[in-house]
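Taking the form predicted alone, here's one chain by itself in structure tokens.
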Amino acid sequence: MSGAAPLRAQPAYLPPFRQSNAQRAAFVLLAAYALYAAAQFDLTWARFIIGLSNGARFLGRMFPPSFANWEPLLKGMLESLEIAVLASVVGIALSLPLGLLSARNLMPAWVTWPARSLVALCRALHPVIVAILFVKAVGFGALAGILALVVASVGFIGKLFAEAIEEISLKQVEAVRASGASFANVITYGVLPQVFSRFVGFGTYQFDSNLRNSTMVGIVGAGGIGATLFSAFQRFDYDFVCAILLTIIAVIVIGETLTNVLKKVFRA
């Protein structure tokens, strides 16, 4: 057709990651700051080589591992498992209503802001720091570890629950509302069926995380295998340290396998 506009020739190659000048400048500034930060910490190649030599001697003292003193190892590991289970159950139970209150597509702003602020506050500090605070408040032992991991669970799971609820389709929610259902039934039949499988995934991941963190909070006196590990380090009992670390790794692997099985069961 004579009046048709001529077709523009398409370039033969388009770069996959096109960057603006502002993005390039940001990358340059980030690289410059990284070099500046490295210079402030005396990061030298000679120091790295010395560290490798010291690490090799340390590993040599750890092997072969010794399981002769198995009673405190078993007791500490069982306590860590109990801490992780209790913290996960309580944390998830508290996170579900907080996640609902934080969802901006279900609640008004005057409800979501306080709920989101509480979730952000729980997420602001590392579990070890929170464990130190609870050790000062309730004393040494498993209670401090449970409370610390409950706070960590609420901070992490509460945020994920809220984000999952905000991504649901509101058509199913409106359909349940149109039937005259109460708010509880709207949540039960309109919201939870859309996010239940994701909730299971979040919960199993948090249990796995709490199982790992329960070994850390014990180092500051909050119960679990961490206290046994710290005591072994203080005695320079490095072959027992290796036995503890191998046990922790084995339990984490077993826990992850079980959580994967639970995911498949609930998604079936």
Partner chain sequence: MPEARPEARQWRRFGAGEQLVRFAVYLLLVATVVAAGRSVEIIPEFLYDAPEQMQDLLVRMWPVDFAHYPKGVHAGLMETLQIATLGTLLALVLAVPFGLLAARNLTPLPPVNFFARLVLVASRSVNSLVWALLFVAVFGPGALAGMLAIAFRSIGFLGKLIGEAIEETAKGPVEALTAAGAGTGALIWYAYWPQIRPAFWSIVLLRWDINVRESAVLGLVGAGGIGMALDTALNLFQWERVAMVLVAIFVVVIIAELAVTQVRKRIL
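Rigid core (definition): largest C-alpha set, two forms, superposition within 1.5 Å. What you see is a predicted model; the values in this text were computed from it and never measured. Numbering follows the first chain given and starts at 1.
Another form exists, predicted in complex with the partner chain; not displayed. Remarks below refer to it.
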property	result
Contact assignment for the partner chain in the predicted complex, among I168, L118, V89, V111, heavy atom within 4.5 Å	V89
Any non-hydrogen atom of A164 within 4.5 angstroms of the partner chain in the predicted complex	no
is_contact(N260, the partner chain) in the predicted complex, heavy atom dist at most 4.5 Å	no
Contact of V28 with the partner chain in the predicted complex (heavy atom, 4.5 Å)	no
V251 within 4.5 Å of the partner chain in the predicted complex, heavy atoms	no
Residues within 4.5 Å of the partner chain in the predicted complex, restricted to 209-243 and counted by heavy atom	R212, N213, M216, I219, V220, L229, F230, F233, Y238
Core-aligned C-alpha movement of A68 between this form and the one not shown, 2 Å or more	no
